[in-house]
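Next up is one chain by itself, shown in structure tokens, the form predicted on its own.
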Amino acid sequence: MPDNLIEPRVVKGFRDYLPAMMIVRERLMETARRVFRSYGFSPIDTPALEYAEVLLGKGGEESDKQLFRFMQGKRDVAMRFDLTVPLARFAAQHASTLGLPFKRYHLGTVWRGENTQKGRYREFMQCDFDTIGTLSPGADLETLLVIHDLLAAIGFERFTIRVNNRMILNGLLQQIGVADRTTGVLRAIDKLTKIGAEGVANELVEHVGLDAAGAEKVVSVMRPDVTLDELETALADNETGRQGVVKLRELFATAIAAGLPAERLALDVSIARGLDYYTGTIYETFLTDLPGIGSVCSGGRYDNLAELFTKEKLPGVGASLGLDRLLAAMEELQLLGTTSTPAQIFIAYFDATRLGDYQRLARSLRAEGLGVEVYPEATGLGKQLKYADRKGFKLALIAGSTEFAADQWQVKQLATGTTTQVPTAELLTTLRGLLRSP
């Protein structure tokens, strides 16, 4: 054995996924795909690497700082920081063959060199869905519906989708004469929950350059509990702001008409979404039992992003499920479980002369859609059952010479220890019944 062993470790901000976590992660991805497909979204994929010019300047100064960027030979390349900017490039490149409107979903890894914290890593998976090529409010409504159905399909009942429209802020800043400082104002408003209204007002004056009256106006309007009626009054003198209010009223009305529970929707004009490319509706989704984890599904409308790549108008709207943040939330809420195998049935290798029979049964059960693992060694039964229990199998099948002679199997429920003798002819029906039980 060499003396200079390499220490096994992971780069800060990155992580390994053990089976128990990865099983849940894959289940969430499968759920996301199922929901996206049910709405008619089609799958695509794009490269992890893009030319740096494709990504730079699209998400704002902070996103540019967080890029993993390097020279590959003479090529200036960077790893994608989200899936939306590559989508804009993709749509501009392939619009003529895709047909519009184009609805896509994309599950892929992205990279951001940001400060790590609970549920936030430098490498993480996004589950995106977007509609490209339409300005219709119907696409904004459908985005809201997908977010709701996605969280419900995953199993959450207590969550709130907070909705805003970037036109509200744009109209307000036009009204007070500081429309050229949108980026700085966005950054300040994004800190509202961390530093409070007074802290945001101070930052607007000291770092963004607003006067005290302008800062007070921004803070008084862009607050979480403001109503649409208040916004209508505050923005009465600005067409952009008024249109933002109209669009929000329409979105809430059609969402309720479509059957979304009113208690899961909320107006919150304090959500600003840090990325600069949003132009209209904005969505952020918070878990009622763990609001501090941040938004687990976010997005919005971006009508100008593709204009950087093509003269064709390609407005878009969509959202992204933050898979790893959601996993961190589920872990904290103790919703993950400890199972580290995707199969539910374990077959003990009890009789060394019967390996073919064990595998024949396993193959027949797999053909019926059941997950089955056969232990690889003909060792002590106690050791095998300990292994099965630790891995999280639900049922164990055991047969020795006595059972084979009687054409039956012992079926052991590992959680309770209950064992029953089942004829081979009745085994499939019995297993399905036990697997359906809690």
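On a predicted model such as this, the values are computed, not experimentally measured, just so you know. Basically, rigid core = biggest C-alpha set you can superpose within 1.5 Å across the two forms. Heads up: residue numbers just count along the shown sequence, starting at 1.
One more form of this protein exists, namely the form predicted together with a further copy of the same chain; it is left out here, but the text below deals with it.
Remark: none of the three candidate residues (D229, E232 and K313) comes within 4.5 Å of a further copy of the same chain in the predicted bound form, counting heavy atoms only.
Although the partner is absent here, T131 lies within 4.5 Å of a further copy of the same chain in the predicted bound form, judged by heavy atoms. A residue is said to contact a partner when one of its heavy atoms sits within 4.5 Å of a partner heavy atom; D211 fails this definition for a further copy of the same chain in the predicted bound form, lying far away. When contacts are judged by a 4.5 Å heavy atom cut-off, A388 does not count as touching a further copy of the same chain in the predicted bound form.
Although the partner is absent here, E123 is a contact residue: one of its heavy atoms lies within 4.5 angstroms of a further copy of the same chain in the predicted bound form. With a further copy of the same chain left out of view, the stretch that reaches within 4.5 Å of it through heavy atoms in the predicted bound form is, among 330 to 338, 189 to 197, 169 to 177, 301 to 309, 301 to 309. With contact defined as any non-hydrogen atom lying within 4.5 angstroms of a further copy of the same chain in the predicted bound form, the contacting residues in 370 to 392 are L370, G371, V372, E373, V374, Y375, P376, E377, Y387, R390, K391, given in sequence order.
Positional change of V11 between the shown form and the other one reaches 2 Å or more at the C-alpha, relative to the superposed core. In the core-superposed comparison between the shown form and the other one, the C-alpha atom of R75 has shifted by at least 2 angstroms. Taking 2 Å as the criterion, R33 does not count as shifted between the shown form and the other one: its C-alpha moves by less than this amount when the rigid core is aligned.
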